[in-house]
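First comes one chain, alone, set out as structure tokens in the form predicted on its own.
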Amino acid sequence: MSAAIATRPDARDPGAASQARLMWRRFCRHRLALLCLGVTLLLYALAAGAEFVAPSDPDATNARMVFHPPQVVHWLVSTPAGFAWRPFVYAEALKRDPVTLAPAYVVDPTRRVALGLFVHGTPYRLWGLLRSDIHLFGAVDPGAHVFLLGADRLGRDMLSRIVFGARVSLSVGLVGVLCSLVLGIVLGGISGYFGGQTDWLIQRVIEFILSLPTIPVWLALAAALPKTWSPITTYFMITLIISLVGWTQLARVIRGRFLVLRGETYITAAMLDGCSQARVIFRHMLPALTSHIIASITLAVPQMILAETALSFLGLGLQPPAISWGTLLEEAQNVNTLASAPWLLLPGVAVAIAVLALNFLGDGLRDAADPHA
């Protein structure tokens, strides 16, 4: 028994751990990055289950609830036996000032709207497959209205629209980064590995793209999209536009590292051993760039999110009825409207949280993947 224990690799011995386990140990020491990993996973989980998480239909309008302010959740209810834990909000009625005729919502303390978990509400199809009417939270009475983050100019629930907007804005970042990653690794790797005329041609293309101002190019390409296209087609084209401009920096870095790695002893040994070019590139050269590739992916996702948000905010990206954080912020352009309904800027808070979380996550992953950090 003692011999078996002596020969077993010690899980606490760094020499016995795999590279992935070592990366995870280093990453866990980065507390802020670990927290941001949880925030990022939570955001993507909310986006994936938007139909279940959103308390109401994001497109449901209500002319009597226009610019309804956010409602405060109360947690304790006074009962004859004492206090009970029953979350609720007070109903609010729209009234007009008798002098200025300005509309205002007045709290009615006699009317309470009870809140609960896993309540019945608007029917939906989760991912277009599963039929259900169960929502994570909402009003216990299906006919009651609750606006925890307020309502917009058409009386639509802002919380539900922000949750649904996360699906588009966050997925644009992932799809766009995937396209940029593939283009950057393939073209940068070919340029640095083969050199010669191939390297010259790819570098001239990269320099031409980098010489173009990014924002005007985005605006020009987005403005060229036909307005008659469906939201889904526009979504994929916006993603393609963003990724076609964002792959150049990664390609130049990959090319430079490949030029250095070609002269390394273990690369020469792999070539002399008869390894194919694909094996040399993907098995021996790319793993040496793991830390930079991981950092580039996580730091590029927020750039993609900001690009989509900026284009949609300017009216050149996704257009209603598509819901994204950019299209929601587009409604906050009017200063007069924003003065009376500042909660329309809440999608910008969601953008800031997602961008900061992904940036700090990228820093932690970069440090964890770099053996010299």
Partner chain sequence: MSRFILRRLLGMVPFMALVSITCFGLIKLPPGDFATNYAASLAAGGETVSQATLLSMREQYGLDRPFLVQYWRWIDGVAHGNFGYSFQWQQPVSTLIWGRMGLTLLLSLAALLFTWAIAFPIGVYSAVHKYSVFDYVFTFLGMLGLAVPGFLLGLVLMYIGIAYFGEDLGGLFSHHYLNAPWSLGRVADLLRHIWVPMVILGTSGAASLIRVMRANLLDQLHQPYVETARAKGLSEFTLLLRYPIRIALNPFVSTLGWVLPNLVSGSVIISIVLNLQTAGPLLLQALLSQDQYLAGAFLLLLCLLTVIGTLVSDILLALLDPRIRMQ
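Positions refer to the first chain, counted from 1. Given the structure is predicted, the values throughout are model-derived calculations rather than measurements.
Separately, the form predicted in complex with its partner chain exists; it is not shown, and the next lines address it.
Residue in contact with its partner chain in the predicted complex (any heavy atom within 4.5 Å), chosen from Pro98, Gly196, Gly143, Pro226: Pro226. Among the residues Thr110, Ser230, Thr265, Ser211, the one placing a heavy atom within 4.5 Å of its partner chain in the predicted complex is Ser211.
Contact with its partner chain in the predicted complex, defined as any heavy atom within 4.5 Å, is confined among 38 to 46, 66 to 74, 301 to 309, 51 to 59 to 301 to 309. Although the partner is absent here, Leu221 is a contact residue: one of its heavy atoms lies within 4.5 angstroms of its partner chain in the predicted complex. Residue contact check for Gly128: none of its heavy atoms lie within 4.5 Å of its partner chain in the predicted complex. Taking the partner from elsewhere, Gly274 is found to have every heavy atom lying beyond 4.5 Å of its partner chain in the predicted complex. Contact between Pro342 and its partner chain in the predicted complex is found at the 4.5 Å heavy atom cutoff. For the partner-free chain shown, nothing in 120 to 138 comes within 4.5 angstroms of its partner chain in the predicted complex, judged by any non-hydrogen atom.
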